[in-house]
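First, one chain by itself: the form predicted on its own, in structure tokens.
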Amino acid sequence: MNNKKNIIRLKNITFSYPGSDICTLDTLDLEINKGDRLGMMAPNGSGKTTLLHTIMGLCKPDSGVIEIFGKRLKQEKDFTPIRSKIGLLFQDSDDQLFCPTVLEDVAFGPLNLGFSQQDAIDIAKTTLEKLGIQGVEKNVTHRMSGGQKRLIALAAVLAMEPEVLLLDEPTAGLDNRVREKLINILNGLDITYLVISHDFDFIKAVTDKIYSMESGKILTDEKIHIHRHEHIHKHGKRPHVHK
């Protein structure tokens, strides 16, 4: 491994939610290097979202090591500066969009980074234009459709010019047209990212490697082979198991 290219490194991460006897993350290891375009497909409840929240310091592990940009992070104050460099797209856009208008939502990040109000507005407008959703700046965000909110939330993340993207189910609620737009957007970005999705065709189109999770650990593509399964047989309506 080339340490100079290493951006995120998790080592032996264990995490359990309060009151639970189950380890959501169990001695988990993960490395993300500069230029990686990683995908992850795994069942609901396998710990995928918890993994992203752990990277961002939103979930504090019970044990293990978190290193980001070469620094070991332990306390909340350690995570604060890296949150402007790693953009997290939440699974539910309503958790991310809280300003009255679209423009205010997208400009919020640059303002927090210290840009002037006018510069933040200019960055927001440019970002919206790049995503092909200009002309909605004055719209009330919570009245937008689910697909529009998804793109606005992505614009809010990209406006901060992060070095890494963590995307949690980015195609959730998108129609095919917006989904194709998102594929083109991601493939046009020169940025490191990890994408969680249940959409096989989408994740295949935007990533170079696909991982999975099982029993709180990450399975790399050397250990798994994820593929679409299509079949027809006369007992298809009855419960059955494929081995």
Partner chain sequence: MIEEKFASGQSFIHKLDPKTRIVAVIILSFAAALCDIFFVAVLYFIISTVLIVMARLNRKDVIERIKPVFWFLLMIWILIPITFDGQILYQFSWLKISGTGVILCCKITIKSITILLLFTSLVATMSIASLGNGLHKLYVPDKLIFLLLMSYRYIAVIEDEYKKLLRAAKFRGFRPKTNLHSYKTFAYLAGMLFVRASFRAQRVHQAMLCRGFNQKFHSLDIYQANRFNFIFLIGISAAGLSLVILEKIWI
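Model, not experiment: these values are computed from the prediction. Positions refer to the first chain, counted from 1.
As for the form predicted in complex with its partner chain, it is not shown, yet the points below apply to it.
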When its partner chain is placed as it is in the model of the complex, which of 168-176, 125-133, 67-75, 142-150 ends up with heavy atoms within 4.5 Å of it?
-> 142-150
Does its partner chain come within 4.5 Å of any heavy atom of residue 161 in the model of the complex?
-> no
Do residue 56 and its partner chain share at least one heavy atom pair within 4.5 Å in the model of the complex?
-> yes
Out of 166-183, which residues reach within 4.5 Å of its partner chain in the model of the complex, heavy atoms considered?
-> none
